[in-house]
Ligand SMILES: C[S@@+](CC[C@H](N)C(=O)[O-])C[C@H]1O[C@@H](n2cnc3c(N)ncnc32)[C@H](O)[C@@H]1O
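Here's a solo chain for you in structure tokens, the form predicted alone.
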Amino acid sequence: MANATGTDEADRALKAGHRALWAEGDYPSVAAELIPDLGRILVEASGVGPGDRVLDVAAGTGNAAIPAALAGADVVAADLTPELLATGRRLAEERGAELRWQEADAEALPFDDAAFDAVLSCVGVMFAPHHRAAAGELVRVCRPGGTIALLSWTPEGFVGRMLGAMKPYAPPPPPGAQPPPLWGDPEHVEALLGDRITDVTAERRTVVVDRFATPEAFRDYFKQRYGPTIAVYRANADDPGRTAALDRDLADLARRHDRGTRAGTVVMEWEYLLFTARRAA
């Protein structure tokens, strides 16, 4: 019993840390300014329509949940971080979308088996630390024959490489945690879901990000607004040398990925995996 209790306490602490991580900075502005169309793309790929029961897992501010609701679906947006849900509620009201918002852990969803016709996640569930547990929940709450649709950053793409660039500066991950960009590897996702799914499609696409004037502007934006980047800088706050090295590494990463042809604009293509499947009967 002592070991089980210790494990439970460790998991609660881990999830509390994740909740605080995504509440820091200003992730709503990151989602709205850099990737506003990804949720709509995921909803269209899932085939969600009027009357469908839809769950958006790790929904954040509703990048996928709000377009699904506007398509006529009966939507629940679930996320671990209440601050993001609060912003999502406001955005949904502004856009005239009606849906339900619920605080929930992607690795232990508070919903019945087979409760939804479609289960979606837009660069969300990939950040749950225990991939197999999260994948099991995606399948469990989806009805047989229903759709599972995921959009995740790839390991080889810009965001995957950005997370990799920050890794040497970050504290070691907790035991059992896996890197988020693995969800952008179709073989990894298929291995997680196994024979519980059929009719798999997996397509690599890119989103163009051209908001930043310089590589340093990109770096500073993420230092101020993106929870994982904020956390890594905090971990090195007492070491000016490491902080300066991290500054260089992030700016250099953006510089290497710049496809721009005119001065004053950095143009990057961020690769993601669009994965859809049906739950096996």
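All residue numbers are counted from 1 along the displayed sequence. Given the structure is predicted, the values throughout are model-derived calculations rather than measurements.
Keep in mind that the form predicted in complex with the ligand is missing from the display, and what follows is about it.
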*Within 4.5 Å of the ligand in the predicted bound form: all of 52, 142 and 196, by heavy atom?*
no
*Should residue 221 be classed as touching the ligand in the predicted bound form when contacts are defined as heavy atoms within 4.5 Å?*
no
*Is residue 185 close to the ligand in the predicted bound form, meaning a heavy atom pair under 4.5 Å apart or at it?*
no
*Using heavy atoms and a 4.5 Å limit, would one call residue 257 a contact residue for the ligand in the predicted bound form?*
no
*Just to confirm, residue 71 within 4.5 Å of the ligand in the predicted bound form by heavy atoms?*
no
_Proximity to the ligand in the predicted bound form (heavy atom, within 4.5 Å), stretch among 77-85, 161-169, 110-118, 176-184_ = 77-85
*Of these, 104, 99, 91, 207, which has a heavy atom no more than 4.5 Å from the ligand in the predicted bound form?*
104
*Residue by residue through 56-83, tell me which have a non-hydrogen atom within 4.5 angstroms of the ligand in the predicted bound form.*
58, 59, 60, 63, 79, 80, 81
